[in-house]
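Next up: a single chain in structure tokens, the form predicted on its own.
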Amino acid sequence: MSITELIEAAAHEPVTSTADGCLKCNVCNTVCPVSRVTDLFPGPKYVGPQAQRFRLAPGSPPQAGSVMPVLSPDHTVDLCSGCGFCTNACPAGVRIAEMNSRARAQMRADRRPHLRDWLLGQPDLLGRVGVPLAPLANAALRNRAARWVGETLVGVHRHAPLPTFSRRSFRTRWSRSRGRRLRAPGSADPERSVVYFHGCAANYYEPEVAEAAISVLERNGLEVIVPQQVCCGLPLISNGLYAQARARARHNLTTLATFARAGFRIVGTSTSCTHTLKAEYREMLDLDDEDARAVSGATWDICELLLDLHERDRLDTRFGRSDRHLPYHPPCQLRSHGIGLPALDLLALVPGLDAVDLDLDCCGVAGTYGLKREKYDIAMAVGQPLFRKLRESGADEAACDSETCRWHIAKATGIRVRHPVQILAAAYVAYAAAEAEAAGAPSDG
């Protein structure tokens, strides 16, 4: 077997069985942002591979994807934020964060789901209710008394960075302004088209991100197809609700696999959604079939795709000048892609723009983790070095690829945070404005 084949086999080894590879080197503990700020969490090594060995016992119910039966895990595994730094740092390839997620799911399976965890796992449901009622819903989100009631009765912290609902969803804007509908794979050229997976954030909260992405893609000669889709399921996975997550995954795979097999690229603006399509369906939900493999191989983060276009001399680099300093925070899920920092490379193409990696690990929110009453203070403590460095930068705007990180950082610092593709879209507009101004200016002669 070749080295490539060995690596591929290790990547698809059942997550729980990788515990045997643990070297007890403690590298995972040194990079863990949660154990760094609280003694309540003993560290990824202890709740991950070390605890996994004690969970194995004859006669206990089997865990999906595991070659061994598993006992209910210790409750401290629930303090793992799932940031993935431990998995990325492990020299032995132990899937620590994924192992912890499975243990959390087993713990959830042993009891009825908490209402709070179930609600946080339903962003599509919340969006469908919240968008039509946006003025009322957003007023409630800003109301201190309502937030206190939400913390007391539901368990969502009163200061948690909850986003505001858009008055119209992206899909509504898309269909009304362009009159576009779902296209069949055979009606478009996969070389000149991409399939856009917008996710819940861009659909219900930040349609401007989706619109910026589409404008950039179209600027580079790509037709954008927006298929029917539901939440990727990651919020459900993060809250241990795997059965419901599988239902979402199956729905998306049924649609997306048809395009993937026809040669279309699937592109997303949420690093969490694209990583879920690339890896989580197969690794966490055990959906390792032909559809899942096809979708995994066809999925790109938008900055990953744009950088690929640039490397093949197919990216329009006519950006307007932007003389300013722009701090950039790469989110944890982006690091799990293993694709480097494509956004930083793209932002470097904008004349005058000084985009700089803040070079700090986690903002702390970790999706829905930092929204919870019992974890909010941990999330804030994890993010403090990042917040402090961002404030000290003196910048009035920052960039980040993940929606929940953007909301968390903006709430904690008061600084505007945008998706890198929005910066690129604005740079294209600035170039067009400069060209128009130059064309209309009187000549020197």
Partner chain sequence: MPSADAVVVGAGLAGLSATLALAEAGARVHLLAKGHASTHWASGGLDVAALPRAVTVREAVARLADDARHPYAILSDALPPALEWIRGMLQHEGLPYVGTIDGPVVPVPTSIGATRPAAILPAAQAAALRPWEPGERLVVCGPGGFKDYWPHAIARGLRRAGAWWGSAGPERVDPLVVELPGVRDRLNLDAIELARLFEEPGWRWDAFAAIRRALIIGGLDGPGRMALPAVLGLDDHAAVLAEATSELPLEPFEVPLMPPSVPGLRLYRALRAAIVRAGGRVQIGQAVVRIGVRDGRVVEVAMEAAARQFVVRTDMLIMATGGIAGGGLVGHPDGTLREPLLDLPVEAPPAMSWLAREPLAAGGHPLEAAGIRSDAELRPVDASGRPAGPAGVRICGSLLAGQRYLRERCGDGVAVASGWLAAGAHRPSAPRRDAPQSLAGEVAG
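These figures come from a predicted structure and were not determined experimentally. Numbering follows the first chain given and starts at 1.
One more form of this protein should be noted, the form predicted in complex with its partner chain, which is absent from this view; the next part is about it.
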> Want to guess which of 256 to 264, 200 to 208, 231 to 239, 81 to 89 is within 4.5 Å of its partner chain in the predicted bound form, heavy atoms only?
Replying inline: 81 to 89
> All three of Phe165, Gly352 and Gly394 touching its partner chain in the predicted bound form at 4.5 Å, heavy atom to heavy atom?
Replying inline: no
>> Only one of Met380, Ala51, Ala410, Val31 gets a heavy atom within 4.5 Å of its partner chain in the predicted bound form. Which one?
In response: Val31
> Which one, Glu191, Glu218, Glu374, Asp345, lies within 4.5 Å of its partner chain in the predicted bound form by heavy atoms?
Replying inline: Asp345
>> Under a 4.5 Å heavy atom criterion, is Ala432 part of the interface with its partner chain in the predicted bound form?
In response: no
> Is Asn138 close enough to its partner chain in the predicted bound form to count, meaning some heavy atom within 4.5 Å?
Replying inline: no
>> Ser402 versus its partner chain, in the predicted bound form: is there a non-hydrogen atom within 4.5 Å?
In response: no
> Asn26: heavy atom within 4.5 Å of its partner chain in the predicted bound form?
Replying inline: yes
>> With its partner chain taken in the predicted bound form, which residues across 326 to 354 come within 4.5 angstroms through any non-hydrogen atom?
In response: Arg335, Ser336, His337, Gly338, Ile339, Gly340, Leu341, Leu344, Asp345
